[in-house]
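Shown here is one chain on its own, the form predicted alone, set out as structure tokens.
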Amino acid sequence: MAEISDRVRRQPDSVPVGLATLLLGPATAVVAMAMVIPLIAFARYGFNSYDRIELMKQAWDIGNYVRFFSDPFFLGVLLRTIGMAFLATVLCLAIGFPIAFQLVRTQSRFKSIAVFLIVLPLFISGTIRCVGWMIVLARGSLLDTVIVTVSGARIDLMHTTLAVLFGIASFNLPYLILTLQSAIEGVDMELQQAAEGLGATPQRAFWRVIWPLAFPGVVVAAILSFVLAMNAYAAPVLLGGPRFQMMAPLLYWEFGTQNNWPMASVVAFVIMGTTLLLVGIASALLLRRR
């Protein structure tokens, strides 16, 4: 038994790098192929030409990209999508950060219940949540009745930018709160107490001590919310109506309704490229600040 114990002790604690690479190589190759091959196919489709009869003809033409970036309609949809993603991210941060900060600091026995209530909407699809918003914002609803009673005038809530903003923010908010909670929990709250003990007000201690330490996690949460908002589909379609266009519904329109697969590929690549570009800029700014 002693000899066996000595052999176990002499075994290395970690797997050699070469063996780990050999074990992870096949799975990594399969995942990479499953991601890269569709992207290559999409890239190839974007250079094809559209035909009403054959739907798509093999070609090497950049006309689809030229059309997208020269057409005011497509550029307007892209700018609207970026603006809505930015506003939804700001709204989620304004609501989510105080909630996440309070969750970290509270010692109440109901903390687990509060976390469960935050996670609960994730068990419901985004489409069903948007249908719930449609019921809340529809004419004749309780909210509409209260607005008419207080202001004396009827305000259209459905098929507006505000309705889409609320729908996207409600979908992204649980993800953002959970991400912020993890980031804030990594900050030692005793540092704020030490700053207050040295004469700083609670507000000054928060902005000079807690906020700089939690800022990287805030950026990560904001990036997550922005990416989700850039690809929002249910909220623009159900809450914005047919006249409110964003990139994801536009992609479905070009692919499923117009059957213009080359243009749909261009729209998909523009969504992906714009998202990666803005996320890369935010990451570079974060690294530079750190």
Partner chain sequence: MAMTSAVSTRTSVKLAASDRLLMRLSMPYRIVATACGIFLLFVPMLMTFYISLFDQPFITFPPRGYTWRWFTELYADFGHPFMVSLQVALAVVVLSLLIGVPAGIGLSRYEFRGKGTISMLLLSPLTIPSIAISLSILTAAIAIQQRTGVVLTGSYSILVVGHVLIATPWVVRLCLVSLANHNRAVEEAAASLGATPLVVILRVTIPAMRQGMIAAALFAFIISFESLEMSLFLVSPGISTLPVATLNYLEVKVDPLIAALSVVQIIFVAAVLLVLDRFVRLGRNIVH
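Positions refer to the first chain, counted from 1. Between two forms, the rigid core is the largest collection of C-alphas that superpose within 1.5 Å. Because the structure is a prediction, the values reported are computed rather than measured.
The same protein also exists as the form predicted together with the partner chain; that form is not shown, yet it is the one meant from here on.
Q: Against the partner chain in the predicted complex, would residue 217 count as a contact residue? Criterion: heavy atoms within 4.5 Å.
A: No.
Q: Contact between residue 169 and the partner chain in the predicted complex at 4.5 Å, heavy atoms?
A: Flag for residue 169 set to yes.
Q: So, residue 24 and the partner chain: in the predicted complex, are they within 4.5 Å at any heavy atom pair?
A: Heavy-atom contact with the partner chain at 4.5 Å: present for residue 24.
Q: Heavy atoms within 4.5 Å of the partner chain in the predicted complex: does residue 133 have any?
A: Residue-level check for residue 133: yes, a contact with the partner chain.
Q: Considering the partner chain in the predicted complex, which of 83, 76, 212, 98 comes within 4.5 Å of it through any heavy atom?
A: It is 98 that has a heavy atom within 4.5 Å of the partner.
Q: Give, in sequence order, every residue of 135-155 that has a heavy atom within 4.5 Å of the partner chain in the predicted complex, or say none if there are no such residues.
A: 135, 136, 138, 139, 140, 141, 142, 145, in sequence order.
Q: Superpose the two forms on their rigid core, then report whether the C-alpha of residue 231 is displaced by 2 angstroms or more between this form and the one not shown.
A: After core superposition, the displacement of the residue 231 C-alpha between this form and the one not shown stays below 2 Å, so no.
Q: Regarding residue 178 and residue 278, go with closer or farther for their CA spacing in the predicted complex versus this form, the difference being 3 Å or more.
A: Between the C-alphas of residue 278 and residue 178, the gap narrows in the predicted complex (3 Å or more compared with this form).
Q: With a C-alpha distance change of 3 Å or more, do residue 104 and residue 282 lie closer or farther in the predicted complex?
A: Pair moves closer in the predicted complex.
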